[in-house]
Ligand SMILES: C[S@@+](CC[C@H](N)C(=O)[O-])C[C@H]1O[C@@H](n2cnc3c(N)ncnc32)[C@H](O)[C@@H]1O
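Quick setup: one chain, the form predicted on its own, written in structure tokens, and binding and motion questions come after.
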């Protein structure tokens, strides 16, 4: 959605040193730790976690859906509902939380404790997708968690590359029901279409054809948002699709989500946890850290994509890195650092070995 964070900031008055967090690396770690106890906590009660089951008749979610397709290098094409069309049709959608109307009224991508940005595909998600493509990461036999999933592109990629199960979690139930689940089904549908074309013509995967002979354009992360909406698509029966049966969908606050997952017997542990643009608020660091600590498998990896600083909400990589260091549970390594504009990063967290502590 074409909104921005709803905070008033003075134009062109920020010291670059403050933006990229270099001062924190020059001896201000105590101040960074204290900032996680600031007044940025949401003013409304947290949302109780619950699991969402895909509808037994999912046809209505995809009937006449307008979607984008993004392909990065050798990665399989990923489909997701067109953001512009989603925004224009927001008021026609089921929304028990009323977040669609509230975000439209306030023209904000974030209402703390109400809506946490899940309706938008953020820039750092594409950074992480590009890194996965570059490293040739596959997910065969792995359990994956897409934490703060939004559109769910990271979890969908893992699903299409052989993950045995994928959990999708977002704060808002509307995001899960109206965006994440439809996006997963769009990609299940695409797999069926490609298989059908292979059977008929022996064509290779990757070229996606729409109805009435309209070819889907392959997009990079730079042009995916600027492209015109693609043709509408009629849904096929996906209720028993093998990829969909590997998925679990959850909404709610991380603390209650963690408690819900830990109730399973045995508790689910994840080989890979993806989380993109989730460290913008320092008040969330303790529960995020606890969630990662309790749900990551002993030799698992957490891939975190983030900006160096988030204006108006105060969080960013340097503050989170300091928080992780003080906890002493994880080691954190930089995998990729963007140098242009407001710097973006991809880092990996893993449990420290005994000799590292």
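Residue numbers count along the first chain shown, from 1. None of the values given here were measured: they were computed from a predicted structure.
Below, we refer to the form predicted in complex with this ligand, which is not included among the displayed structures.
Interface residue remark: residue 127 is not counted as part of the site for this ligand in the model of the complex, having no heavy atom within 4.5 Å. Among residues of the shown chain, residue 284 is one whose heavy atoms approach this ligand to within 4.5 Å in the model of the complex. When contacts are judged by a 4.5 Å heavy atom cut-off, residue 185 does not count as touching this ligand in the model of the complex. By the criterion of a heavy atom within 4.5 Å, residue 254 is counted among the residues contacting this ligand in the model of the complex. Using a 4.5 Å cut-off to this ligand in the model of the complex, each of 116, 120 and 276 places a heavy atom inside that distance. Between 100 to 108, 131 to 139, 163 to 171, 79 to 87, the stretch whose residues reach within 4.5 angstroms of this ligand in the model of the complex through a non-hydrogen atom is 163 to 171. Residues 122, 125, 148, 149, 150 of 122 to 150 are found to place at least one heavy atom within 4.5 Å of this ligand in the model of the complex.
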